[in-house]
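Next up is one chain by itself, shown in structure tokens, the form predicted alone.
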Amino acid sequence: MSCRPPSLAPDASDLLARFAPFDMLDACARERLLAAARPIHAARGELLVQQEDCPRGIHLVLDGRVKCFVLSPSGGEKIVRLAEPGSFFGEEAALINRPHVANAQAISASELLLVPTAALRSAMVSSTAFSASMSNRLAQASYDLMSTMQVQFQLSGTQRVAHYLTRLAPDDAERWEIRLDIDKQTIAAQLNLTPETLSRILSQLTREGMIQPRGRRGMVLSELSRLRDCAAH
């Protein structure tokens, strides 16, 4: 006998199974989460969460991309997370019932699910594997944030850009062609740089032969060993 609520489409039970850690739940538990969740269709530029908002749950990105950011007193953006399909955000505020510390805005047309905190907690209580996987995801998010802070506090602007670019290529590659899937303004905000500073650094790396621009967003990382040395020193 199916445990699917009558309001759900026949194929809806498979939706959460495509995304970790929700794939750790059994079908009935996933369907209960789906029954409680609210779909969100966000247009590009739509603000989903504002700093100091009370949390309603976690946002799971099904399609599109969302940036989580804080604003400086001068109005500059600092991106603390980019949430892509399969990622979620807002869990740190939802699970301790504290106001959101960052804004969240769709940077492309996006499809999301808002999973209420109560439903998420019930799922964590019902499944040890799901609860452990959620804990691992929270630890990874915290580690990534600390790593980002380390890069921004300890590396120069040029080192930050070189570090960002080298992470887009395999570790053993010497030459690799990439396409930037986000605009340079967003990359600059991730690296805590102004767009003008990012452009100057990219121009410098081009003159030194480490990168070769290919159109608006394409780029060849032509000397990755030098680029890695640049990131390290």
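Fair warning: this is a prediction, and the values are worked out from it, not measured in the lab. Note that residue numbering follows the sequence shown and begins at 1.
Missing here is the form predicted together with another copy of the chain; even so, the following discussion is about that form.
- Between the options 114, 82, 119, 102, the residue in contact with another copy of the chain in the predicted bound form by a heavy atom within 4.5 angstroms is 102.
- Judged against another copy of the chain in the predicted bound form with a 4.5 angstroms heavy atom cut-off, the residues 15, 27 and 87 are out of contact without exception.
- Interface residue remark: residue 163 is not counted as part of the site for another copy of the chain in the predicted bound form, having no heavy atom within 4.5 Å.
- Contact check for residue 168: every heavy atom lies farther than 4.5 Å from another copy of the chain in the predicted bound form.
- In the predicted bound form, another copy of the chain stays beyond 4.5 Å of every heavy atom belonging to residue 47.
- The closest non-hydrogen atom of residue 51 lies within 4.5 Å of another copy of the chain in the predicted bound form.
- For the partner-free chain shown, 121, 124, 125, 128, 131, 135, 136, 138, 139, 140, 141, 142, 143 of 111-144 come within 4.5 angstroms of another copy of the chain in the predicted bound form, judged by any non-hydrogen atom.
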